[in-house]
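Starting off, we have a lone chain in the form predicted on its own, written out as structure tokens.
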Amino acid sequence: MAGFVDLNIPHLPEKESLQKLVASAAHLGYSTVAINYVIDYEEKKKEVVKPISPSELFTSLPMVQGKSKPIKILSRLTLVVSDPSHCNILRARSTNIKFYDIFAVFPKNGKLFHVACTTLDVDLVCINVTEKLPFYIKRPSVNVAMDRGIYFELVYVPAIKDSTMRRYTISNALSLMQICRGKNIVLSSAAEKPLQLRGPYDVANLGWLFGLSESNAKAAVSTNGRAVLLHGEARKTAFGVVYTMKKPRTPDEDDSTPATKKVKMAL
């Protein structure tokens, strides 16, 4: 397991508190973190602010525990949506939208979950872990999302804070695992305090409670997170990835074949 990732470090208004969170993540061995900015229409938070840059946050980036390199800090925008019109902000491409590395959506009902999986240009779909899901997770929606390279996020801090939310977290996670079979899962913290953070190996062990196999739990805190980052880069730059393969040349097209041999081959 290398290159551990936590894609949900909440953006805190106090700069010092945010610094401590990121520094703690680096100390625990996370190579990459994403600072999460949430827009919740129900809470009247609609403004897309410009994310803080690493240079604004630190004069010198914290070093990753066990590695001789600084932590990588990215930005993430999460939309909490309860109406299809709330998704328009992703299509608006406002001046501040372009500064975000990762787009995530938190659908509040089944219709928006389907839209997020099949239509929206996002990198992550968030699964509610603090209450019972108000809809059933359907296999066709999940399959389309997986084919599109979209991942599903489960956060673990609610599960260690409260016994009731722990039951909801495990129940909702198991519902998702029955459909996706442990694939395309990302485990994140959503920690607001350094004490709530857990090391990558501990998070992988928590994944077992959520129905993940050992290999899938390890991927959920490492390789799957990197796949989300690559998906975001492709979306920002080329809106996709082009794969090319060299076509074998026929004898008539191969200029290296002597002309006399070409004639014999033709005969």
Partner chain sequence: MVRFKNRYFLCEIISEDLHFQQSIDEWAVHNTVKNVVARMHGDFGLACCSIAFSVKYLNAYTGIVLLRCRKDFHRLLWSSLPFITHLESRNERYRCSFNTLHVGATMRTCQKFLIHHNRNQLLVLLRNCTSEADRQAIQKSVQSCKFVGEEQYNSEDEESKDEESDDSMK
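Quantities reported herein were computed from a predicted structural model and do not represent experimental measurements. Residue numbers count along the first chain shown, from 1.
Not pictured, yet referred to below: the form predicted together with its partner chain.
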Query raised in the report: Can Lys183 be called a contact residue for its partner chain in the predicted complex at 4.5 Å between heavy atoms?
Result: no
Query raised in the report: Wondering, does Ala234 line up within 4.5 Å of its partner chain in the predicted complex on heavy atoms?
Result: no
Query raised in the report: Does the 4.5 Å heavy atom contact test between Ser53 and its partner chain in the predicted complex come out positive?
Result: no
**Report entry** Contact of Asn205 with its partner chain in the predicted complex (heavy atom, 4.5 Å)
**Finding:** yes
Query raised in the report: For the chain shown here without its partner, which stretch in 112-120, 132-140, 153-161, 98-106 has non-hydrogen atoms within 4.5 angstroms of its partner chain in the predicted complex?
Result: 153-161
Query raised in the report: From the list Leu28, Leu61, Leu229, Val38, which entry has a heavy atom within 4.5 Å of its partner chain in the predicted complex?
Result: Leu28
Requested in this report: Scan Leu176, Val125, Leu197, Leu79 and let me know which has any heavy atom within 4.5 Å of its partner chain in the predicted complex.
Outcome: Leu197
